[in-house]
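In the form predicted on its own, a lone chain appears below as structure tokens.
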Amino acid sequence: MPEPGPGEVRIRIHVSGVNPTDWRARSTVAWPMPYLEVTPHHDGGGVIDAVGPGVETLAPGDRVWAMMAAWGHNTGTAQEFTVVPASRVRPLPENASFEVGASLGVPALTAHRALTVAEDGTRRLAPKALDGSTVLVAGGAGAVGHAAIQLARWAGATVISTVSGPEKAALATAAGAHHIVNYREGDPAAEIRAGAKDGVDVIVEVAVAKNIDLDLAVLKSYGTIAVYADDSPKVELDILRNIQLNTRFQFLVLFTDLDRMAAAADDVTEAVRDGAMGVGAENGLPIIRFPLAETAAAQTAVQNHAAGKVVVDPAA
């Protein structure tokens, strides 16, 4: 049983969330494993079991959600008990399930960052923070896209989401998107413009190499394309077109700004408290469960683009 040190807490994990960064961390040259052995997963929902010296804001018995548990440590949330710095733990409101807690972390904090990188935009999210803005979420049926839809709507934005078919359209609708566009049919740019006559302020982009022409066709002048992922290694840009639009490209990775990540976690907790961050099929993000012994299969499911939030249940 691991013991929490100064500034740390021990959490009994009820649900561990799986993200693409988990399988990539064991296989990519860009981010090699920093330890010979790692207990994976950054995200989780559970209950505080013990606290170390100096921890005053959390106590045994508190329901919590954890973020970045395996960052800078060799033990994450794919186990019954884990020890993490208290700074990476937030209260899990009573109205939220442990599945919600395990679905925040990487997806919700990434979505928050994407929604707050515009040059003259807000750095914090709260009700009315994005009033008057239009947000386009590419891939609204994915975990980050789902969180972006929910956070943007909670903050007052008009939310448009692109999807690849009717099943994913149903998920993005359940998540709360105001307008859904199938990018494989008809004239998606015209359909997006129908919901955003003046153009889109922020695009939360998962596949910029594939979507760049559509993005530039609907982006408002001085708009922002926030790129958090892409399976393609390169994107080709029309320089003149981007100059004319005053396009802002913001490529982002979550782990590089601890202060902004902490502020985002506080905003996300408030959104959860307001009931804005639901999961499950009825909220647009089906839960796909694996027992702890099948953690490898859970990571493979994420790698194969499972339609929903993949979680591991240590208690099972």
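All of these numbers come straight from a predicted model, not from anything done at the bench. Position 1 is the first residue in the sequence shown; the rest follow in order.
Keep in mind that the form predicted in complex with a small molecule is not shown, yet the notes after this line are about it.
Novice: Tell me, out of R193, H179, K210, K220, which residue has a non-hydrogen atom within 4.5 angstroms of the small molecule in the predicted complex.
Specialist: Checked against the cut-off, the match is K210.
Novice: Looking at V144, L130, A226, A175, which is the one with a non-hydrogen atom within 4.5 Å of the small molecule in the predicted complex?
Specialist: None of the others qualify; the residue that does is V144.
Novice: Would you say all of T110, K168 and R184 touch the small molecule in the predicted complex, counting a heavy atom within 4.5 Å as a touch?
Specialist: Answer is yes for this spot.
Novice: Heavy atom to heavy atom, is V51 within 4.5 Å of the small molecule in the predicted complex?
Specialist: V51: no contact with the small molecule in the predicted complex.
Novice: So in the predicted complex, does V100 come within 4.5 Å of the small molecule, heavy atom to heavy atom?
Specialist: Taking the distances in the predicted complex, the answer for V100 is no, it never comes within 4.5 Å of the small molecule.
Novice: Find out whether any non-hydrogen atom of A281 is located within 4.5 angstroms of the small molecule in the predicted complex, and reply yes or no.
Specialist: So A281 does not count as contacting the small molecule.
Novice: I'd like to know if G76 sits close to the small molecule in the predicted complex, meaning any non-hydrogen atom pair within 4.5 angstroms.
Specialist: Contact check for G76: no, nothing within 4.5 Å of the small molecule in the predicted complex.
Novice: Which of these stretches, 185-193, 233-241, 136-144, 68-76, has heavy atoms within 4.5 Å of the small molecule in the predicted complex?
Specialist: It is the stretch 136-144.
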